[in-house]
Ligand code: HEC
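Next comes just one chain, in structure tokens: the form predicted on its own.
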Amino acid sequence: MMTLNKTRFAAGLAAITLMLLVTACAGPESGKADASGKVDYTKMSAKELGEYLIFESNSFRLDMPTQEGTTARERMMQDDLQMLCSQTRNQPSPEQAGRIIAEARASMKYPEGGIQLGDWQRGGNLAWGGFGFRLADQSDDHSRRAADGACYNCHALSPQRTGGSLGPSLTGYGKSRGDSEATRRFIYEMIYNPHAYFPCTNMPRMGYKGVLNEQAIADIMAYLLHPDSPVNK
């Protein structure tokens, strides 16, 4: 998933979810536009309504250019991994999970000088920042500033600030795990492509998808492991 404006995304998702729930029992009959051009939402199935709101209505410009050089429509299309995880409701079979892990491990690219820690203060700014990949009237300009990691959306990071709870708490991570070569490798690979450990995880493939570069990953790793970081206080 790309970093988005959290408040606006959540509000939009809530609205779509509510409409899907309201129409989930409407039956399979299609609610295509009538002669006047009006669409009857009550005759749409949940799947039809979701597809209509995303791909056919004018509520969102799907031809908008994205920072990665595609369009909003292309960004919303799932790749093979996402389709498989959706089809299995994030519960792939053992055979599928093994294939996901193997492909994720094959995708890894490591820094030439080995996995090193960067600047923990820069890493803190990246972990608590939400800049990057927003479209519409607040499109982010990546030529002026690189994308943040937005780690706070899913993880608790330090006792001084409130983070998310979708992922495990990382508070005190360096204090409990230490700063070994194995720990660094695990964190790097989790940020780069976490499916190497947890097939169909909710965690984004931040390195593999090009959201974070090697330096940004090194800085976030330092924020998690450095003894002076607020994470470990």
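The numbering used is simple: start at 1 and walk along the sequence shown. Owing to the predicted nature of the structure, the values given are computational and were not obtained by experimental measurement.
Keep in mind that the form predicted in complex with heme C (HEC) is missing from the display, and what follows is about it.
The site is open: after superposition of the local C-alphas, no atom of heme C (HEC), taken in the predicted bound form, comes within 2.4 Å of this form's backbone or C-beta atoms. In the predicted bound form, at least one heavy atom of R177 sits within 4.5 Å of a heavy atom of heme C (HEC).
Among heavy atoms of M44, none comes within 4.5 Å of heme C (HEC) in the predicted bound form.
In the predicted bound form, L166 approaches heme C (HEC) with a heavy atom inside 4.5 Å. Contact between Y208 and heme C (HEC) in the predicted bound form is not found at the 4.5 Å heavy atom cutoff. If you check heme C (HEC) in the predicted bound form, you find no heavy atom from any of Q121, A147 and V231 within 4.5 Å. Residues from 195-212 that approach heme C (HEC) in the predicted bound form with a non-hydrogen atom closer than or equal to 4.5 Å are F198, T201, N202, M203, P204, M206, L212, in the order they occur in the chain.
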